[in-house]
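Take a look at this single chain in structure tokens; it is the form predicted on its own.
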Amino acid sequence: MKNLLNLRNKTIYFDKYLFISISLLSIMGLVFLYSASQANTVVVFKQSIFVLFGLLLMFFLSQPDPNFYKSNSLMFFGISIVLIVLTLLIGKEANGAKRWLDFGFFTLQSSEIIKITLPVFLAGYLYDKKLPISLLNTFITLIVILIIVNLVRIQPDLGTSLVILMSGIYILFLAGLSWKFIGFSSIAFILSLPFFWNNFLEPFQQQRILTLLDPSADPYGTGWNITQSKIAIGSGGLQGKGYQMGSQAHLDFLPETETDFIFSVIAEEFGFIGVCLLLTVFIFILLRCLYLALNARDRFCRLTIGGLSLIFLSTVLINLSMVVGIIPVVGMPLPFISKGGSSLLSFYIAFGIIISMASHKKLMQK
């Protein structure tokens, strides 16, 4: 497959497989959103603007050489930290949470940006370290990760803070973290769960976990969302009820149909067959990213592609696990499908960087 296109003697860096599959996924998202939003053309139009801008942004970010991202990773990371701090200080508050910066024409969720800049920064820091990664570099990396995770957690935003935590851990693992350290850390984490429960989780977050264990305890209160989601998914059957014919969504039984629970709408209206087609596109993107990571030109590119791809995978799995009741409801959109400009653009940025890492090859040295 040729990654390069020549346009008037100018080299254009491009990956047609990722571009076509992500464009297809974005169009599918607009179709699903039209139904999930009760045929709200304003919502779909705004999302369309983000999709068009995001595709252009992805193409633009795929053009610089990976060395550009490596040399400027600290600057990008620093800017995203400033945005996080500004969000805590002057951010827009909604439902008791400060997660957004209001620019008038656009509301930015700053945590969506740092979940991309953090792994790129860590890849730039760890790519030339000896294997296995030393304890000093491991602890430095973990301190950076935990500081960022805590800044997002106190907004509060448990879902995104978990993704940020995983994004940092992925890079550390891919960079060559010792298995002994992984084993010791896993045991320490399990033993510390009671401490985290009592000191880091808000009461509503604790309630979400308790609801997961027994949704029937309060079916008309805290258990309503997950109960209705399961009903919607199960009622879709093999072929679904038909486009815009889902009773759970269109009779307002199912909450957050445009964002967190849009997969439940898809399952109800398109059934098992429709869900399989959607998941096939997700799987194809992930397999393509795996191929690109294995064939990247150097360790920095492999770390970056691997880390950003795993963030994409984790976000998909968290959303799917959430709507079927495997994990608590944490407020996680489905990439390229759910409504939301910041989340959508963050993944276009991620895949623009991935294409840059994959399509630029080093010249053969004599």
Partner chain sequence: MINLEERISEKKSFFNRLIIVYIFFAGLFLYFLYKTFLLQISSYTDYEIASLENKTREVLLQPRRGVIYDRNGNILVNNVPSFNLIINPSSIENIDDHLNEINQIINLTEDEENYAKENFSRLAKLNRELVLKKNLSTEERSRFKVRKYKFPNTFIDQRYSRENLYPFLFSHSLGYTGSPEESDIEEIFLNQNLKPKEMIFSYSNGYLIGKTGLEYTYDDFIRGRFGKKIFEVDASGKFLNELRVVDAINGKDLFTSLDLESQKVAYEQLNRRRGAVVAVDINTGAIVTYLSSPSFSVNKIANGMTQKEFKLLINDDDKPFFDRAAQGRYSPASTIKPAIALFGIENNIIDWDFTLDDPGYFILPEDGRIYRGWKKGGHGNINLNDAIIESSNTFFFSLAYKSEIEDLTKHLSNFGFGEIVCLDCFLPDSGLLPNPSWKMNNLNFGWFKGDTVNLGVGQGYMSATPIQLAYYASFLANKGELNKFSFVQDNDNKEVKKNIFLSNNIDENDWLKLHESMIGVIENSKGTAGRLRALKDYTIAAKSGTVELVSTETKEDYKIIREIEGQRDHAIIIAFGPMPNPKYAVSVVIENGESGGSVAGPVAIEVLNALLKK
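Positions refer to the first chain, counted from 1. Predicted, not measured: the structure shown is a model, and the values here were computed from it.
Beyond what is shown, the protein has a form predicted in complex with the partner chain; the following relates to that form.
Examine M28 and determine whether its closest non-hydrogen atom to the partner chain in the predicted complex is within 4.5 angstroms.
It does not: once the partner chain is placed as it appears in the predicted complex, M28 has no heavy atom within 4.5 Å of it.
So in the predicted complex, is the partner chain close enough to K230 to count as touching (4.5 Å, heavy atoms)?
It does: once the partner chain is placed as it appears in the predicted complex, K230 has a heavy atom within 4.5 Å of it.
So, F195 and the partner chain: in the predicted complex, are they within 4.5 Å at any heavy atom pair?
Contact with the partner chain, no.
In the predicted complex, does L118 come within 4.5 Å of the partner chain, counting heavy atoms only?
Answer no; every heavy atom of L118 is more than 4.5 Å from the partner chain in the predicted complex.
Taking 4.5 Å between heavy atoms as the contact cutoff, choose which of L279, L88, M75, I209 touches the partner chain in the predicted complex.
When the partner chain is considered in the predicted complex, the option within 4.5 Å is L279.
To verify the annotation, which of these, A94, L135, L131, L146, has a non-hydrogen atom within 4.5 Å of the partner chain in the predicted complex?
In short, L131.
Would you mind picking out the stretch of 147-155, 110-118, 77-85, 166-174 that comes within 4.5 angstroms of the partner chain in the predicted complex, counting non-hydrogen atoms?
One stretch meets the cut-off, namely 166-174.
Candidate spot S35, L162 and S185, all three in 4.5 Å heavy atom range of the partner chain in the predicted complex?
The answer is no: none of the three residues contacts the partner (heavy atom, 4.5 Å cut-off).
Just give me the residues of 284-301, first to last, that have a heavy atom within 4.5 Å of the partner chain in the predicted complex.
In sequence order, L286, C289, L290, A293, L294, R299 come within 4.5 Å of the partner.
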